[in-house]
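Quick heads-up: it's one chain on its own, the form predicted alone, in C-alpha cells.
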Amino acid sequence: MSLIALYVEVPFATFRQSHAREYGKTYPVPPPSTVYGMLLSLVGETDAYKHCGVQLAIAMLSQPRKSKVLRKLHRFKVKDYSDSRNTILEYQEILTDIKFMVWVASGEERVQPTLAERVEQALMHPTSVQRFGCLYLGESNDLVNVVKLVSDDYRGESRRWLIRDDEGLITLPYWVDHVGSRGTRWLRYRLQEISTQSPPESSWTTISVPFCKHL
C-alpha cells in the first residue's frame, strides 16, 4: 500500500458548515471531503469518484483563530442579475493560520496509479501534470500557500489528531453530494493531542460511497 505524508499551509479559509444559512459558520478544521477535493485538484482530476477508497489521516499543527467578516454575497432571487434583491450582506466566519499534515494511503483504491502515487508525482514533477486554476482549500479564494511532501517525523511538536469518535463533538463530511444533500456522508470526530508520529488507527477516514463506480 502506497503511503505519503504532506504538510499543508493555508493563511485563511472558511470551511462552511453544510447546514449554515445566513450566518456562515465554519468547521474548526478542514473536513476530509475538503482535503480530498484539494488533492484531486492538485493532480488535475475532475472525476470525484476516481479515487474512492483512498484513506486520509489529518493532524492539526496549528490552532487556527476564528474571526468574523461581513461579506456581500450574490444569490439568484430574480431573473435580472443586477437587481439588488440578488445581493445580500452576510456574516462569515474565517479561520486564519491553518497548518496541518495529511497522510494519504491507497487503502481500498482499485485504480492505478493511486491518488498517493499521483500526488507524489505532481509534487516531484509538477510539469508532468495537467491541471487548471489555483490550488485552494475550502472556497475558491482560500489559496494554499504551501503543500509539500514530508516524512512522518516532520516537526517534533505534538499533533492534534482528528480522531473518529461516535460521541465526538465535531461532525464533518467525508463525502459531499454537490447535486443534493442526500448523498453527503458524515462522521463524528474529536481532536486529540497524541505524541505519536504515525497516524493512529482511529484517525483514518476512508473516502467512499456505496455507489462508487471505481470500487
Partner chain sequence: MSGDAIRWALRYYWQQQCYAVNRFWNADTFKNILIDEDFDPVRFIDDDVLGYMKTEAAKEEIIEEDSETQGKQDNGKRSKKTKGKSISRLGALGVNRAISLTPYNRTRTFNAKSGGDKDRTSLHFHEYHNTRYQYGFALDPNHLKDKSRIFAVIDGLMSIRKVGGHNNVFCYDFSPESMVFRWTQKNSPHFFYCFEQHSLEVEPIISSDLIEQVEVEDIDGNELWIGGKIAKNLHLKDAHIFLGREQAVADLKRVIARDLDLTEFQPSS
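A quick note: this is a predicted structure, and the numbers were derived from the prediction, not measured. Positions refer to the first chain, counted from 1.
Here the subject shifts to the form predicted in complex with the partner chain, a form of this protein not shown in this document.
Annotated contacts: 29, 61 and 77 are all free of the partner chain in the predicted complex [non-hydrogen atom within 4.5 angstroms]. Contact annotation: of the candidates 42, 57, 35, 54, the single residue with a non-hydrogen atom within 4.5 angstroms of the partner chain in the predicted complex is 42.
Partner proximity in the predicted complex, defined as non-hydrogen atoms within 4.5 angstroms of the partner chain, places exactly one of 46-54, 161-169, 142-150, 186-194 at the interface: 142-150. Although the partner is absent here, residue 136 sits close enough that one of its heavy atoms falls within 4.5 Å of the partner chain in the predicted complex.
In the predicted complex, at least one heavy atom of residue 12 sits within 4.5 Å of a heavy atom of the partner chain.
Remark: residue 92 counts among the residues lining the partner chain in the predicted complex, judged by a heavy atom distance of 4.5 Å or less. At a distance threshold of 4.5 angstroms between non-hydrogen atoms, residue 111 is out of contact with the partner chain in the predicted complex. Heavy atoms closer than or equal to 4.5 Å to the partner chain in the predicted complex belong, across 110-137, to the residues 122, 123, 126, 127, 131, 132, 133, 134, 135, 136, ordered by sequence position.
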